[in-house]
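Before any questions on binding or motion, here is one chain by itself as structure tokens, the form predicted on its own.
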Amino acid sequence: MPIPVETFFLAPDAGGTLQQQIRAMIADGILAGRLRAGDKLPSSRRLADHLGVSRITVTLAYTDLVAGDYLWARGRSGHYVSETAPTRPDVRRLPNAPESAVDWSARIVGDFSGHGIVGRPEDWRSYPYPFIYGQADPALFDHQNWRQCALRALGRRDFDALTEDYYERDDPMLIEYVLRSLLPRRGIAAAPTEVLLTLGAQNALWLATQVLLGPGRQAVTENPCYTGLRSILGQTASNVLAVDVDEEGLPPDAVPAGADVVFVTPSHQSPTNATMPVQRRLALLDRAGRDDFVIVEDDYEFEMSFLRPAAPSLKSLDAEGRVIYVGSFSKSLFPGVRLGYIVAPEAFVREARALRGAVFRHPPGHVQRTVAYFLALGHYDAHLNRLHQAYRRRRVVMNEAIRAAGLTVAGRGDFGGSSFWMAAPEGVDSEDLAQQLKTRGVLIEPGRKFFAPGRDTRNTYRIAYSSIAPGKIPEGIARIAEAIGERADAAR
């Protein structure tokens, strides 16, 4: 790529001749990694004009750099950083560098890294059978229209949306389409002042906990539950209680007395995929009214209800303004978009907006405007339709493979989703199973980290079909069954 001429400047206190200074400036940029192989240097005339030196001075410096293999000249095209340019040794840690004099264990006020999340290998795509949850399949994504929307958002007409600091505001175009297109699908009517854009559902949940919880407050979660929520709640200094879910999700009667905030995933319980029936949703709202607690509804994967129409959201049934609704584009588009939203009473949104502004202002304007165009031009609905068809086919293949292999489904999503919650025989540790399967090219997610401490089951695991081609599913499931059989035999 061309290197802007503004990248270069001569330090007033630099020693040596002008030619030597220019040579050192460029060589240092290459050694430091700021100028990379293949990058094109400004022409000698343009750099000379920019630095206020003679053109011959720059030409001689370039010639010297070519001799040192820092640059190479290509005919009339100009000078480029050489593919074989010298590199600087890695000196991030010298052999005799002193240790830090700071006792960081005493300085750090919380254990932010101690909360386990379900991870995955960085090279997970290289595994032939990746039953990994929540990752986008490039074969199903609408690259062409997404690119066109992104390019349109880069145009002059959208220059303000691209470059402006919104401070605590959001892109009005995206807010309009969230209000007009997304929320009506969930039966939700809201005003612009009741919607806040976030950096995904994780950030939305963090904002909710920071605004609502603290010392002396009591939070209630499902057990098992989304691991990221447990990590967030660990930062609030509040009392956290976990309620076991059943085949219909969180039982309202099991919510302990004194709850201040209850976190639920009613559309597709995370990770069991249970869908909360409407009558239970009404019972939970009734309990919230009687006991005066607030509900945070994480409505993840409602877009993936391809077997039956999605049940009404808790927010749509809420007559008292007790529900804080969290939505996200991570599963319907791709995780890297990092864009979600909160729908809640204006008093809550006002405080959450101020907190968001203090931390990172707002999600990037270009991302907001690109998603707005993707919605406005109808690409989002077409994309969801493709996902529904593909996921329906993959689910059928997965279901048949599981049945043929004799594996046990522990939680079945009757509305769709993108994964199965599984149970191995008692005595089979799913974490050991996962390590064994990795050596056979299969990735699964052990279930232990989804559970509250001390209340975990060692034999549960999750397998997803969003990131694996249908043709590979049967063989992958067969390998899982084979490994489980081996471990079960060894445990007897």
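Residue indices: 1-based, along the sequence shown. Each form is matched to the other, and the largest set of C-alpha atoms that superpose within 1.5 Å is called the rigid core. Computed from a predicted model, the values in this text were never measured in an experiment.
Omitted here: the form predicted together with another copy of the chain. The next part is about that form.
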property	result
Residue stretch of 243-251, 67-75, 358-366, 267-275 approaching another copy of the chain in the predicted complex, non-hydrogen atom distance within 4.5 Å	358-366
Contact assignment for another copy of the chain in the predicted complex, among 213, 409, 397, 405, heavy atom within 4.5 Å	213
Listed residue (354, 283, 237, 382) with a non-hydrogen atom within 4.5 angstroms of another copy of the chain in the predicted complex	354
Contact test in the predicted complex: residue 128 vs another copy of the chain, heavy atoms, 4.5 Å	no
Partner proximity in the predicted complex: residue 156 to another copy of the chain, non-hydrogen atom cutoff 4.5 Å	yes
is_contact(residue 418, another copy of the chain) in the predicted complex, heavy atom dist at most 4.5 Å	no
Residue 202, heavy atom within 4.5 angstroms of another copy of the chain in the predicted complex	yes
In the predicted complex: members of 134-159 within 4.5 Å of another copy of the chain, any heavy atom	135, 136, 137, 138, 141, 143, 146, 147, 150, 151, 154, 155, 156, 159
C-alpha of residue 425 off by 2 Å or more between this form and the one not shown on rigid core	no
C-alpha of residue 51 off by 2 Å or more between this form and the one not shown on rigid core	yes
Core superposition between this form and the one not shown, C-alpha change of residue 106 at least 2 Å	yes
